[in-house]
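Only one chain comes next, encoded as structure tokens, the form predicted on its own.
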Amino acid sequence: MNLLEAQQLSVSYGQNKVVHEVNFHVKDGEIVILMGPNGAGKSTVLRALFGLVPHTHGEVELNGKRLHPRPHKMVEGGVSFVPQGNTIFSNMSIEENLLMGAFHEEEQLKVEERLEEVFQFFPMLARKRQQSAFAMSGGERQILALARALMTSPRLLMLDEPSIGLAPKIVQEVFDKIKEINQVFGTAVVVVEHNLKTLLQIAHRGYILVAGKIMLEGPVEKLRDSDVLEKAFFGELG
């Protein structure tokens, strides 16, 4: 059974259809990449799956149950979402940011246990737990965003352009951490990303989107060996 699945997913903004009958799935423990040129609809697919934008056609299933995605329902179902850009609270400490990730959990003991687990996994954050997030670098902020998403103990982590605005060395550190999250916690990961060279090294499967349509899907080896990816980025498809 698929952890998350979409069938014939379509999204429109007014009269403009931006995602066309997309079929998508992710299984437990997979790292799946959504790739394609700018404007292909990658982020829109991710946001529609999490319920941040409404889909106009199609069906979505989570844990084998059909639902109409809404962020709170997805979180309750074991999904965390990290949007692109600076999403941390700069006026709070690192620890306070992490606690915001567990706002829905009513049992304080569970929150404290999870906080310590996250600090063990991210020792850099533990050392600076009382430091203001305002003082963090771009790479540290992205690591904090990942850590905060783990406070819900998700089965699936959805990431929208996690490397945007980061230096190449920091990009490698972020993706190393994503791979480690997948291996240590068994968390499935879906990533929208333009930095393909790094991500293709750790992903299991992928989808190539062009103009809101899937042009190719399969194991990363299949995508890497195909000329579809190159043609998509050079505007020869669509």
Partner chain sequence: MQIILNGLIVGSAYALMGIGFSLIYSTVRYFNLAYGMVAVIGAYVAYTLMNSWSLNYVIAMLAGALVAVLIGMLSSSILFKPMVRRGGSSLVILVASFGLLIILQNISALIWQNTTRALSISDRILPGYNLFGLIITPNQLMIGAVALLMMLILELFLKKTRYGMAIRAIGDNQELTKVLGLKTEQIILAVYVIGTFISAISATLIALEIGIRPTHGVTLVIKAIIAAIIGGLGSIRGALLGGLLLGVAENLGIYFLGGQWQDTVAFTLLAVFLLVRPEGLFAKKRLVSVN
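Residue numbers count along the first chain shown, from 1. It should be emphasised that the depicted structure is a prediction, and the values quoted were computed from it without experimental measurement.
The next section is about a form of this same protein that is not shown, the form predicted together with its partner chain.
Engineer: Scan 164, 99, 136, 125 and let me know which has any heavy atom within 4.5 Å of its partner chain in the model of the complex.
Structural biologist: Only one option qualifies, and that one is 99.
Engineer: For the interface check, one of 65-73, 174-182, 37-45, 208-216 should have non-hydrogen atoms within 4.5 Å of its partner chain in the model of the complex; which one?
Structural biologist: Heavy-atom contact with the partner occurs in 65-73.
Engineer: Any of the heavy atoms of residue 108 lying within 4.5 Å of its partner chain in the model of the complex?
Structural biologist: Looking in the model of the complex, residue contacts with its partner chain include residue 108, since a heavy atom lies within 4.5 Å.
Engineer: Against its partner chain in the model of the complex, would residue 87 count as a contact residue? Criterion: heavy atoms within 4.5 Å.
Structural biologist: So residue 87 counts as contacting its partner chain.
Engineer: Could you tell me if residue 83 has a non-hydrogen atom within 4.5 Å of its partner chain in the model of the complex?
Structural biologist: It does: once its partner chain is placed as it appears in the model of the complex, residue 83 has a heavy atom within 4.5 Å of it.
Engineer: Heavy atom to heavy atom, is residue 131 within 4.5 Å of its partner chain in the model of the complex?
Structural biologist: So residue 131 does not count as contacting its partner chain.
Engineer: Do any residues of 17-54 have a non-hydrogen atom within 4.5 angstroms of its partner chain in the model of the complex? If so, which ones, in sequence order?
Structural biologist: Sequence-ordered list: 47, 50, 52.
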